[in-house]
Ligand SMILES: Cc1cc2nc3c(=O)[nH]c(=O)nc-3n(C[C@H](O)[C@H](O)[C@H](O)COP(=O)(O)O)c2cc1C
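In the form predicted on its own, a lone chain appears below as structure tokens.
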């Protein structure tokens, strides 16, 4: 898949998720076959002010290219300045978040609130494109309010303003969080624009990835929560698409190594105590695929040191364990 001037090695991408898609996890997903990863979203206003915590969220490693940086904003000038800064930081793509459903974000007119005003979103995208030397993309939802689909118009306007790809999550920002995503909306957007359309939402397994391609005609699939705790889903989906056969879950020793690599990355990024605490949230997802995973997860719920974490790994995830079914 090609996104503007950026050629990707495949058509499966890792979607951004707050508190999850920092570089330790992104690198693992890339190694398993994610052709592109996007940073956790940051507010353009905080990036323009160069707030240290915001810059920290945008940390990435040299081997992550191509990589996209994602911002949210309701102000064209602010978004344009933030796009220019992402260029300075070396990102290969700049992504505008038009889909975040959090209440405080909607109240600020950002994220999913932009679905309500395709015309204003068009102005924001145009301003970003004018300041960015790298391709600009957008992540959109079905619409802001349940039953009012604006994704097709929003995608058309964004592409007309210079966006070179559109990622579509076919749920509404408000009023439909518990409803399944409507993949027909992805298909509608695909028919409406000439730029690549990436589908997102409702992916739980590699089989879902294949089904999304088949049912929507999308150019790529962005995997989010389904990759948390099982980054090998990219390898499985890629193998299924290529051969028609579903590759098995990696063996227990590989899962253990992935867990330890992720943990080491988090402590390198955040320090021992915070990194260990953050790994608790990750461990409960890895535990689902690990023999003795439940016992391991219970053991790490209150620890905050590397010594205690490694002790739990050795005790519950040792070489004698076998792959989960």
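Residue numbers count along the first chain shown, from 1. All values reported here derive from a predicted model rather than from experimental measurement.
Separately, the form predicted in complex with the ligand exists; it is not shown, and the next lines address it.
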Which of 218-226, 246-254, 148-156, 76-84 lines the interface with the ligand in the predicted bound form (heavy atom within 4.5 Å) = 218-226
Quick check: do 17, 40 and 201 each get a heavy atom within 4.5 Å of the ligand in the predicted bound form?
-> yes
Evaluate residue 70 for contact with the ligand in the predicted bound form, applying a 4.5 angstroms cut-off between non-hydrogen atoms, and reply yes or no.
-> yes
Distance check, residue 137 to the ligand in the predicted bound form, heavy atom within 4.5 Å | no
Is the gap between residue 97 and the ligand in the predicted bound form 4.5 Å or less for some heavy atom pair?
-> yes
